[in-house]
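Next up: just one chain, as structure tokens, the form predicted on its own.
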Amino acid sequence: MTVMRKPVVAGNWKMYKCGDEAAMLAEAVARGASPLSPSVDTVICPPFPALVRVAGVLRSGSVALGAQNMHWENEGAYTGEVAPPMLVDAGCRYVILGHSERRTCFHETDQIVNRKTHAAMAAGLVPIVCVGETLEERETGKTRKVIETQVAGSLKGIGTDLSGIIVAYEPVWAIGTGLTATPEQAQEVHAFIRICLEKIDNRAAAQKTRILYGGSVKPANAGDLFRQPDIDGGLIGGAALDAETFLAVVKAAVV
């Protein structure tokens, strides 16, 4: 029996937009996404300084607020870090964890991502846990090994809590490069991720878990990607910085 999963489209603003600019973008996205909300979950993830300002714009509820990262401790002497309860207090419902830029630029390991995932869930946040291989790993036939290791390590100990998690497959070689996995390439990895999730929980839970694709998704390719049976939406980077472009991607996820 086919399991219906409500699509999710999450916009990762990275280190862009703040103040009035962030508020205007959020308002435009919320206005355009409102009639689509019954069919797709839309999330925007601004940088930390813009969270409270954007939260005030999103009061209608048609778009949810997410953060791009967090620490695993609820408080403490961790200068420069942000705790899970702080994100909740700011109005966040989601948090991106283990993004490839965190893994490569800031050397985050699967173990670190795992601690953050547990902490996010304990705080009531929905973690969007990112996994993906580099171009070298793909070209040397290591994609499945890398993905399986990252999924198992990042979600270790989750067990029956799998239903509260979203996984995002983002091939590192397709992020910010203009390159995109073909729908068939992306589907192959998404289907494999679902097999990996079965090993963590069970087949029924894995079938209900939403898996997003992230890697140069644009209005021109979003529809073909989102029509794949195991692709449940997208984690959007550059295209999320323009309301019209981002909303076109959101519309492509509506089934």
Ligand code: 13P
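Numbers for residues come from their place in the sequence shown, where the first is 1. Predicted, not measured: the structure shown is a model, and the values here were computed from it.
One more form of this protein should be noted, the form predicted in complex with this ligand, which is absent from this view; the next part is about it.
Contact with this ligand in the model of the complex for residue 215, defined as at least one heavy atom pair within 4.5 Å: yes or no?
Yes, residue 215 sits close enough to this ligand in the model of the complex that at least one of its heavy atoms falls within 4.5 Å.
Please determine whether residue 116 contacts this ligand in the model of the complex, using a 4.5 Å cut-off between heavy atoms.
So residue 116 does not count as contacting this ligand.
Against this ligand in the model of the complex, would residue 175 count as a contact residue? Criterion: heavy atoms within 4.5 Å.
Residue 175: contacts this ligand in the model of the complex.
Should residue 14 be counted as a contact of this ligand in the model of the complex, where contact means heavy atoms within 4.5 Å?
Yes, contact at 4.5 Å.
In the model of the complex, which of 142-150, 69-77, 104-112, 166-174 comes within 4.5 Å of this ligand (heavy atoms)?
Residues of 166-174 come within 4.5 Å of the partner.
Mind listing which residues of 228-245 have a heavy atom within 4.5 Å of this ligand in the model of the complex?
Counting only heavy atoms within 4.5 Å of this ligand in the model of the complex, the contacting residues of 228-245 are 235, 236, 237, 238.
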